[in-house]
Every structure is written in C-alpha cells, then in structure tokens.
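For reference, the chain that follows is the form predicted alone, supplied as structure tokens.
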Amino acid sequence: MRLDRFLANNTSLSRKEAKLLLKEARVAVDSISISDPSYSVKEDEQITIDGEVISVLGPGYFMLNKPDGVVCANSDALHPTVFDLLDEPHSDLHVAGRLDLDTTGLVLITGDGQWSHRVTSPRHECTKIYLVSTNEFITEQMITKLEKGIFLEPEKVRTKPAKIELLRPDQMLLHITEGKYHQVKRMLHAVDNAVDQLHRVQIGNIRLDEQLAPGEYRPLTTTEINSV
C-alpha cells in the first residue's frame, strides 16, 4: 500500500494532508524519514508521525440509518451517497447489502469482504427484516403466497419462503433471506399489491439503533460483528 494511502486509512488525515506531512519530513518508516507518497509500506514496518507510532486500524464495521434519496454507491453524479454521510478515515469501505434510492433504514458498511459476504450470500440465509407499507390492504391470500414463495418475472425460480408479521391492514414486517434486485417491490407486485414505503429494520441479529436519526451512523459493537 502507498504510504500516503496508509496514512489516510489509519488516521484522520486526507491524502492531501498526508502528502503535506511527507513533504515536511514529519513521517518516518522504521525511524527513517520518507517523503515519497508512493513508498510501498510493508506489513512489518513501523510508521510514525512526529515520532508517534501509527496503529493500523481494522477494516471498520458500521451501521447507518439511510435516508430517502441517498444511494448505496461510492460515488454518484446525481444523488448523495451513504459515504458522503460518513466521517471515517477508511477508504476501502463498501456496503454489505444495498438499498434502493427510495428505501430507508439499516445499511451495514465495512471493509471486511468475508464478513459482508456472510451478510449478502444467499447460501448463509442471513435474514433481512423490512417494515413494508402497502398501497392496498394485505389479504390472507397475499400472505399465503408470500410465505409459500412466489415466482418473480422474468426469473423461473421460486423465492424462498418469507415470514409475515401483519401490523395493520396496510403494513407488515417482511422477513426474507435473499437479496434479489428490487425483491420486496417485485414480491408485492406479484401478489397484486405495491410498496408505498419500505424501511429495513434488521439484518441477521443486527437491529437498527432507534437512537440513530436518518443520516446518522455508529460503529457496530463486538457482539453485533460476531453475530454474523
């Protein structure tokens, strides 16, 4: 990894600020001053700024309460992204389970690829729970079809059985273990209904912190990380 990127990843410095410190000869690798931003840092080397050792940060694990109108992408020309809401030194973060532009609620963000695979891979059957408000009343026939599994156009494979908790005639908690493209909206369409509002409240055993306002985030606890 480049030295300037290492500094940006493991401190609150930006890449530009890191390069300035390098230019000012304030950065050392194994007690040797280094000014080249492209210097390749090795795992066993000790990096210091003004003599203070820089500890390597972990990959990072966060939950964010995604607002409406924010995209789950690293960059977007038309809309703000979930990463615009983060104030973290990590540059290799990604979303573990995206939400649509108009879907709100729990988003998990990490730099740990294996961990996010366990969240998103259908093989691990990590349950996602959505609060779904619908345009039409939710009938017993709709619930039966959703809980049995339905075919989504144009796919020829039945969805895995869902679990429904009816909260009121036009609102339910929907439990699914897959993450197909626009899955919840397509499932409701397949039973002649439509999503009015969609809000993700839980992934696996990780539940959205009710104290997080839309746009706010916090690090996951050790218990939450290990639950996946």
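Counting begins at 1, following the sequence as shown. Please read all numbers here as calculations on a predicted model, not as lab measurements.
Same protein, other form: the form predicted together with a small molecule, not shown, and the subject of what follows.
This chain appears without its partner; in the predicted complex, the one residue of 198, 70, 47, 162 with a heavy atom within 4.5 Å of the small molecule is 198. Site annotation in the predicted complex: the residue of 88, 100, 76, 92 reaching within 4.5 Å of the small molecule with a heavy atom is 100. Although the partner is absent here, residue 171 lies well away from the small molecule in the predicted complex, with no heavy atom inside 4.5 Å.
The small molecule in the predicted complex is not approached by residue 83, whose heavy atoms all lie more than 4.5 angstroms from it. Mapping the unseen interface onto this chain, residue 63 falls outside it, with no heavy atom inside 4.5 Å of the small molecule in the predicted complex.
Residue 183 belongs to the set of residues with a heavy atom inside 4.5 Å of the small molecule in the predicted complex. Only one segment in the set 33 to 41, 162 to 170, 175 to 183, 47 to 55 has residues whose heavy atoms sit within 4.5 Å of the small molecule in the predicted complex; it is 175 to 183.
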